[in-house]
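In the structure tokens that follow, a single protein chain appears in two forms: structure 1, then structure 2.
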Structure 1
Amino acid sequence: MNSAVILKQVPDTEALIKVKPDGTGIVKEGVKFVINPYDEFGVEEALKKKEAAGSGEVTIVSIGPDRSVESIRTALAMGADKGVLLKIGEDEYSDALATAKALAEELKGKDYKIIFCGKQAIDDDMAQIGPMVAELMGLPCVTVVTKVDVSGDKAVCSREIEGGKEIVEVALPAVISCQKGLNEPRYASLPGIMKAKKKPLDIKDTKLDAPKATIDKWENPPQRAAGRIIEGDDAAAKAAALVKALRQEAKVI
């Protein structure tokens, strides 16, 4: 079964993110970049479906600067067969629509039964790329999926909804965005890392459409106020003082 995985490289969740003094972006020097964690679920699910079918290819498609090659190679080391990088400049900004258009242009016309992606990227949390790519390609889309069963030209997906889960049957090809709980992504083995160096990776210079949405300024969140300890030996009085502070000062009750 042939499938594709849309992959984004994002700052490591443990990285210390600093905003540039002029508010035009984040300081990228010294920051470690990794595969978007939700996209890892997509890579793993594509590999599992290929293994279950006994044939097929998994193609990784990413859009980003030169450093994105490292994350594509990581996915290849996990077991994917080939990669495509739609290369843009390090500081080139694209909104979700421009990004989705470039990805859809690359993906269309290929024999992919499923296009997997993460439910959202952890850097901007927009959760728009999967549905936009599906719409531009004229394909059905199922989001926040935690289980996928493929049978012939159909897939039955379990997806998270508020207060429960929803079972959706969808005709293939389709776009499926992956949620935590779908699987447990494998680690790249040493033989896999060695093989990944020889797997095909096509790098294409890409010109994006002008963004229709722009970011005016980046700002750090406001600093949290220092905590306050209510002193005293009388537990009842301390409790009363705490309730009063929560109601009148913090205004949370």
Structure 2
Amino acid sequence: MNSAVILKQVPDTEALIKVKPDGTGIVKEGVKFVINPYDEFGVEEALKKKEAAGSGEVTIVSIGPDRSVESIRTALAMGADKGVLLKIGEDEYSDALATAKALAEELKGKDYKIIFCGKQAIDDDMAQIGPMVAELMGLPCVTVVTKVDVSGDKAVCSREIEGGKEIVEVALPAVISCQKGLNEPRYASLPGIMKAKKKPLDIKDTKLDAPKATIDKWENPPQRAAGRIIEGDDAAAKAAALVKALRQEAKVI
């Protein structure tokens, strides 16, 4: 079963994000970049499905600057077969729609039974690429998926909704956006890491459409005023003082 995984390189969850003083973006120096964690679930699921089918190829498709190669290689080390980087400049920006168009262009006409992607990238948190790519390619899309069972030309997916889940049956090919819980991404083996260095990785210079959604300004989050430490003789006294404050000052309980 051939499948593709849309992968984005993003700053690590623990990275310190600082907005540039001129408000035009974030400071990237000293930031560790990693595979978007939700995309990693996509890579794992694609590999699992390929292994279950016993044949097929997993292709990693990414848009980003040169450094994204490192993340594609990580996915190749996990077991993906080949990679494509639609290369843009480090500070080149466009919106999700333009990005989705470029991805759809790259993905179309290939024999991918499932196109996996993360439910969102943890940098811009837009959560738009999956459904947009699907719409642009005329494919169905299931988002926020925690389980995928493929049988023939159909897949049955579980997706998370508020307070429960939906079981959705979808015709393949389809786009599936992955949520934590779908699987445990494998730890790349050392032979995998070594082999990944030799797997095909196609780097294509790409020009994205001009954005229709533009970022006017970047800002640091509003500072919260420091709170107060509740003192007391023992745990019980502190607890009583807290509950009183929550009732009388904060009025939240």
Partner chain sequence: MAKEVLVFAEQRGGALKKVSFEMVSTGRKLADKVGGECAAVLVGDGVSGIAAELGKYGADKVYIVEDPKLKDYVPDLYAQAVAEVAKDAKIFIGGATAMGKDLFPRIAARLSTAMASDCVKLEAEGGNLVAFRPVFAGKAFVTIKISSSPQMATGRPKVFPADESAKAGAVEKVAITLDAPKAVLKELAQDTSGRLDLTEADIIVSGGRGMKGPENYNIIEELVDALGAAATVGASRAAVDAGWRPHSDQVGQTGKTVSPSLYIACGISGAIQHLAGMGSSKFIVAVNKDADAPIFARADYGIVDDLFKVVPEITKEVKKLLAE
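In this text the structure is predicted, and so the values were computed from the model without any measurement. Shifts are known only where both forms have a C-alpha. Numbers given to residues start at 1 and step along the sequence of structure 1. Between two forms, the rigid core is defined as the largest C-alpha subset superposing within 1.5 Å.
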property: Assignment: the form predicted together with its partner chain; result: 2
property: At the hinge of two rigid parts that rotate between structures 1 and 2, the residue from E90, G164, S55, A226; result: A226
property: Rotation angle of the smaller rigid part relative to the larger between structures 1 and 2, in degrees; result: 36
property: Angstrom shift of the Cα atom of V243 between structures 1 and 2 (superposition on rigid core); result: 7.4
property: Segments displaced between structures 1 and 2 (3 or more residues, each Cα shift of 2 Å or more, core-superposed); result: 228 to 253
